[in-house]
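To begin, one chain is listed below as C-alpha cells, in the form predicted alone.
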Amino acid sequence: MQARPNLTGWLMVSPLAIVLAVFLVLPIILIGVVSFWTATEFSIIPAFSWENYDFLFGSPVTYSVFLNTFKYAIITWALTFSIGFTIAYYLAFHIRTQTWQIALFLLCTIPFWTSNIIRMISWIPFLGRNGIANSALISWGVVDEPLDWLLFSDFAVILAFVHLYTLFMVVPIFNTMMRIDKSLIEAARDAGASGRQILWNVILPLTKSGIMIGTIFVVTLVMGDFITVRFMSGSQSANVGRLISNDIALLQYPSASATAIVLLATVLITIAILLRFVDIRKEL
C-alpha cells in the first residue's frame, strides 16, 4: 500500500524534473564539456584539455575582473538592502490599511513594466555631460562645469544596478515583514524597548529569511549581468559576464564555457556561504 503513494508522488514530480533536466542540467553539463575543448581562429577541437582553465587562472586579468565583479555585487547589495529594507518597513509598519499597502507596493513595480535595457539606457541622457543632472547642478551653482564621472563610470554602473534590482530586495523583505505578529512589537514596546531596539532585536531577526532571499537574488543577478556594465561604463570597465560575452563574440566558445563554469562555481559557493547564516527552509 505504501508503494502506490510513492509511485504517485514520483509521477507527479516527473514532468517538472524532466523540464529541469532538459533545460537546466543538460545545458550546464554541455557547457562543462565544451570548457575542456580547445579552439583556434577557424575551428573548435573537441579534445580534452586543461588549456582554457590554465589560461584563465594564470592571467592576472581574471582576478582583476572577478574582484571588480565582487565590488559591484557588494556595493549594489548594500545600497539595495538599505533602500529595500526602508521601503518594506514603511509599507509593512507605517501604512495601516491593506489597500494602500497593495497600491503602494504595485507602484514600486511600475518600472518593471518596461524592459531592463530601456530603463538602463534612460539614465544616459540624464547623466550625460549635457544631460539633465549636469544642467541642473550648473544652474543651481553647485558646480562650474559638467561632471564627467556621472556617466560611463562605476558610479553609473552601480546606479543602474540599484535601479534595476532594488525590487528584488523589497519583495522578499516585505513578504516576511507582513507575516510578523504585531503583538510581538507591542509587547517589546510595553517592555520599554525603544524603536531602535525593536528594530534590531525583533524586526531584523524575524526578517532575516527575506533579507537572505533578497541578497541571493541581487548578488547572483549582478554577478551575471554584463549588458549594464557594457553600456553604463562605456566599455571602460568589465566584469565576468563581459569576459564571457567577449569570448562568444570572438567565437571562442571553449574559453567562454570555462569562464562560465568558474562563474557558476563562484556564485554557488557564495550562495552556500550565505545559506550557512540562515536556514531558509526553517524560516519560511
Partner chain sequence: MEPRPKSFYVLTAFFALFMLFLYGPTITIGILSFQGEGGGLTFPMRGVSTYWFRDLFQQQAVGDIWGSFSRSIVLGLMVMVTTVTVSVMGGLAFRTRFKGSGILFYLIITALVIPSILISLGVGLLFSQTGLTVHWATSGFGAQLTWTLPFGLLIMFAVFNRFDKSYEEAARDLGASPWQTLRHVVLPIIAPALIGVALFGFTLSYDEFARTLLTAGSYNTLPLEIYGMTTNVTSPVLYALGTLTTLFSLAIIGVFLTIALIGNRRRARAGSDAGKGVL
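The term rigid core refers to the most C-alpha atoms you can superpose between the two forms while keeping them within 1.5 Å. From a predicted model like this one, the values you see are computed outputs, not experimental measurements. Numbering follows the first chain given and starts at 1.
Although not depicted, the form predicted together with the partner chain is the subject of the following passage.
The shortest heavy atom separation between M177 and the partner chain in the predicted bound form exceeds 4.5 Å.
With a 4.5 Å cutoff on heavy atoms, F70 does not count as touching the partner chain in the predicted bound form; it lies far away. In the predicted bound form, the partner chain sits within 4.5 Å of a heavy atom belonging to V13. Although the partner is absent from this view, F36 stays clear of the partner chain in the predicted bound form, with no non-hydrogen atom inside 4.5 angstroms. Taking a 4.5 Å heavy atom cutoff to the partner chain in the predicted bound form, the contacting residues in 50-88 are I83, T86, I87. Once both forms are fitted on their core, a CA shift of 2 Å or more is seen for M12 between the shown form and the other one.
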